[in-house]
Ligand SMILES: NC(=O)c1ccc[n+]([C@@H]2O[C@H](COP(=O)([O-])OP(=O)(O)OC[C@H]3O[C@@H](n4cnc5c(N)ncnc54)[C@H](O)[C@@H]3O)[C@@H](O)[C@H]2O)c1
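Single chain ahead, written as structure tokens, the form predicted on its own.
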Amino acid sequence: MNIAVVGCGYVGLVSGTCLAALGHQVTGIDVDTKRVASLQAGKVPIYEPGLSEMILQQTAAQRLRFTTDLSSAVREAQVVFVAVGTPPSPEGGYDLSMLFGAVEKIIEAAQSEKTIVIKSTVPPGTGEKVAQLAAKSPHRLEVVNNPEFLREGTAIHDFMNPDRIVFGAGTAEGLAVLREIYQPLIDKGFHILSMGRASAELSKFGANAMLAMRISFINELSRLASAVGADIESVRMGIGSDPRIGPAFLKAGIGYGGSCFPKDVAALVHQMESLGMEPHLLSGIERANQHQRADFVGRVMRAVSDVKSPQIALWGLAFKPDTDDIRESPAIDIARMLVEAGCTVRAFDPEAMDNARRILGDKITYAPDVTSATKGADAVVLATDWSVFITQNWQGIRQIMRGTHVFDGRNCLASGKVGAAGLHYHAVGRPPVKPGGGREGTVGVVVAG
């Protein structure tokens, strides 16, 4: 099938490349001439494991190409995916101007029947508005929703091995087109869920809000654990072993970030309020998330309160490992708060340095490696759980530090090794470990026999 994908950002680029890998002819379209030229030259503007290799494979196989010529690509395509950005609006909802702008151009360019697939994340009810707009065309333009459930860092695997594929179609014809597109995955037995457009849209928002809520829940519980002397790692196992709950997204830390959770929770709150409903639960999710970061920085500042002009080594800037994405990253907020509190911050991230520099400017120092970031530091603050941080030689880290405090914002470090190196280990919701000490084995499984 001949497919056009409007928008070569994260979602459009991953989706278009994977659709080509399924055997379709795909044209990626973007208004950014530099981005298109870069992609045509085989240079990928985002970091996603395996994506560069797959793009090169599909372009070499002549199943994937890139252009700025929307009209020509739309005329040739049977199906047009819309994967443009839908950033948050100042009011708290979504700014859909790029989406509707793209749809209007698609309608203008279409000279025959097409199926328009909304891949962008949009508030419930958007698909119906797009369908009403498309109905003005002299040609039959089906409008369907196909929300993405991609995780940065594992996006290719998520597309090719999906938990579920959600179809939001208003007609049987729209559903049939989506089935044809995803037939290679259907043949492998992956779950297809067909529903109305609004239900598909709300499924995407509901999934992200639920995951964000679980993170905020365990983080709020971690504060109580610290106050009463409990270990949140033991608590989360006690909770997560219940099959009705499960362990996913119950990891205490400095909170969630990224391009989806924060704006999707805010958009749900905004939409409910605009309809006259009180979002009792949803409105507290983001407040708890922001408080977690401030509380963490407060602990860091108390530990270095006796140091004039504290030096902080910030390990990580991306909102999660295996991506260069710093959108709504807890690490960025923490860097700002540390600087505002009078600290000098030296940061290192394997992939997100350039993106962070565009946001933070010269407020912090960008180190070329872990050692350079850590030398002379009064405290280490781990904000992103990259494997390069988890596998550090702590004896070596101790030798280059001025101070002795390590703050693990992701509860991912081996506390015993940190303590054995002569460092104070501070986690989230866990008892601290003193230099030379270790944590008692509070997490385990007892079996009969």
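In this text, all values refer to a predicted model and were calculated from it rather than measured experimentally. So that there is no doubt, residue numbering starts at 1 and follows the sequence shown.
We do not show the form predicted together with the named molecule, though everything after this point is about it.
In plain terms, the part of the chain that comes close to the named molecule in the predicted bound form, with a heavy atom within 4.5 Å, is 143-151 out of 266-274, 143-151, 304-312, 375-383.
Out of the listed residues 215, 110, 102, 209, 102 is the one that sits within 4.5 Å of the named molecule in the predicted bound form by at least one heavy atom. Exactly one listed residue, out of 200, 74, 84, 235, brings a non-hydrogen atom to within 4.5 Å of the named molecule in the predicted bound form: 84. Contact annotation for the candidate site: 6, 30 and 260 all lie close to the named molecule in the predicted bound form (heavy atom within 4.5 Å). Using a 4.5 angstroms limit between non-hydrogen atoms, residue 204 touches the named molecule in the predicted bound form. The closest non-hydrogen atom of residue 11 lies within 4.5 Å of the named molecule in the predicted bound form. In the predicted bound form, the named molecule sits within 4.5 Å of a heavy atom belonging to residue 121.
Residue contact with the named molecule in the predicted bound form: residue 339 places no heavy atom within 4.5 Å of it. In the predicted bound form, 327 is the single residue of 307-328 with at least one heavy atom within 4.5 Å of the named molecule.
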